[in-house]
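Have a look below at one chain only, the form predicted alone, in structure tokens format.
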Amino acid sequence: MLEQKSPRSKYRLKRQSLPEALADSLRERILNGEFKEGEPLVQEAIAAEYECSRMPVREAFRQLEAAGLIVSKIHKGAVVTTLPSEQIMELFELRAMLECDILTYALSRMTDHHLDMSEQVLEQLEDAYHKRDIAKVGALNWEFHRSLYVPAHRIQTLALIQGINVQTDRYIRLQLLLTSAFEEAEQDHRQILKLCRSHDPSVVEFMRGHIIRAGHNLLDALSTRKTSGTAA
């Protein structure tokens, strides 16, 4: 009698760096909205889904909790974090403060090579906008911003900014889905790159407005959705 093989899981992972690969996969599923805010993540179910033991799942959960994407609750286990509106806005305000500071340091150090690299990322981001590829938009949005800050050589500040961007990524994606603000985001990024190419210091305040406006637009969209849901 031939041994029957179990159906291949669509979430099957390479054994190399399993906790990191698992954390990356779960992170993307949280960011793209597959796992909703407040939804529990059950270790046993995740382990079965990925065909692995619970040990790498526990390690992946620790990484996700450190990134602020899940929180451990007594009697509930791991739960996808839910942020009140004031904390969401606080994250965008922190982004504005730190990103404008690092951009100030980076501006005078930007070379044509740095700006050409930013241009390449922006072209990929614009392609994702046109295709409405939300997952790629989230990753490339951060990569574009990051490319502008690398010349500052402020490693600790950049690490802090990246951590905040992990938390705001899902809200940026949600904002684009709720508001279809692709054109505004595309225009803003083009203007930011143009000002950087001119080494124009006004780009710092333009960046601040870009980030804060995105936060307010998101909160307005969330409020509208909540009101509509209540009315329904």
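Residues carry their position along the shown sequence, with the first being 1. This is a predicted model, so every value here is computed, not measured.
What follows is about the form predicted together with the DNA, which we do not show.
With the partner omitted from this view, the residue of Q43, S198, Q191, N32 that lies near the DNA in the model of the complex is Q43 [heavy atom within 4.5 Å]. Checking V166, C52, A185, L174 for any heavy atom within 4.5 Å of the DNA in the model of the complex turns up a single hit: C52.
The closest non-hydrogen atom of S223 lies beyond 4.5 Å of the DNA in the model of the complex.
The closest heavy atom approach of H113 to the DNA in the model of the complex falls outside 4.5 Å. In the model of the complex, S25 stays away from the DNA, with no heavy atom inside 4.5 Å. Contact annotation: H153 falls outside 4.5 Å of the DNA in the model of the complex, judged by heavy atom distances. You can rule out all but one of 75-83, 143-151, 125-133, 90-98: in the model of the complex, only 75-83 has residues with a heavy atom within 4.5 Å of the DNA. Contacts between stretch 144-171 and the DNA, counted in the model of the complex as any heavy atom lying within 4.5 Å, involve no residue at all.
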